[in-house]
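Shown here is one chain on its own, the form predicted on its own, set out as structure tokens.
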């Protein structure tokens, strides 16, 4: 595949670089909420939030290659995210654009682009995490409303979200478990919803349990056809996994790990000069590069107009294991000080590496656990029998 830029693409790259030169006027440590608010307003005016979305829904109408250029240039300059409604931009918005009716698009898409509020995803359940299609959250229709009863778990940012994209089972007597699942757009302040935060090892609470008891949802809030929720979900998860922007985040984290190794002394020598640590740094770099090259495969298919398939699970699996390995490597570099948390005078970089090492569940669980990614790869790519 020829990745040389066309004159139009080169001009767009120059436009992005000029914008960054003019507006990225503060170091990362100096970017307060006021600065971030101004940044979001500027990129929204450029229609770079939802850049690849159709113009008729408020997106930028950008091409796949332009989107890659935009993300690359932003990543190189360590620019803030393009938009503040992560779940809405990554999962919910694309699903509404593809499966929503006109009223739903007009109601939800502008707020997602503006970052007016947050969305969460009600997918996993206590007994159906990796096997999402086995979900049991019940939903019965009562006139113009659905009545929902059940529980969700590992729901990211549920505590601060105004809306949830929720998967429920509207039919149980089905031959294929993927049938009979319906997707609803639910207001989090609906009577009968209870959110319980799940604290992680580092003290944070990105995840939560969500309990739904006789929650009434208007039928007009159904996304797609009744019983057709699995198609909506698959498209959302594929959209999340097809992104190659995370490679740049891992590359930056690797550079920070190298700096940590250069600045840390172990047994009278720099950690980066210890052969075992150097080997682990090199192995991690090789895996990140393999993710980048695999991402180029995704990009090639997109540029040819081909749909992304199950091969996107490969990068999700790589990302999950790298997140754990890089955290463990940071702990090895810092040695006996590795367990010291924020607030301790002796904690390396105020405990940020200890927090990083303990925060892996958010990445590993989100979007599908490693076990489900391995099953997808073995069954749908390698053609092995089902587990």
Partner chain sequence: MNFGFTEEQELLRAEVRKFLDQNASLEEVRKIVESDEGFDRHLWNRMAELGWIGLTMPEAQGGMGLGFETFLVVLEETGRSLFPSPLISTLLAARAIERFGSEAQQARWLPGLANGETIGTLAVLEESDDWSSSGVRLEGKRDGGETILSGAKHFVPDAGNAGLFVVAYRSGADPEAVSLAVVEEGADGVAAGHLPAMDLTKRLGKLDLDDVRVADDALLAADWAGVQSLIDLGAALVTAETVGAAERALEITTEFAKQRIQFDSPIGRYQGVKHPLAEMFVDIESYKSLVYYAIWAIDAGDDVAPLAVSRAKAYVSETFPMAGISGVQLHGGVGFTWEYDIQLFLKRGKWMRPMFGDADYHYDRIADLGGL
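Source: prediction; values computed, not measured. Positions refer to the first chain, counted from 1.
Form predicted together with its partner chain: not shown, discussed below.
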Its partner chain in the predicted complex reached by all of 22, 26 and 116, non-hydrogen atom within 4.5 Å: no
Residue 140 within 4.5 Å of its partner chain in the predicted complex, heavy atoms: no
Partner proximity in the predicted complex: residue 264 to its partner chain, non-hydrogen atom cutoff 4.5 Å: no
4.5 angstroms heavy atom contact with its partner chain in the predicted complex for residue 297: yes
Close approach of residue 176 to its partner chain in the predicted complex, 4.5 Å, heavy atom: no
Option touching its partner chain, based on a heavy atom within 4.5 Å in the predicted complex, out of 43, 65, 320, 357: 65
Listed residue that, although its partner chain is not shown, lies within 4.5 Å of it in the predicted complex (heavy atoms), from 163, 314, 82, 159: 314
In the predicted complex, segment of 204-212, 88-96, 271-279, 225-233 with a heavy atom within 4.5 Å of its partner chain: 271-279
Within 4.5 Å of its partner chain in the predicted complex: residues from 14-39 (heavy atom criterion): none
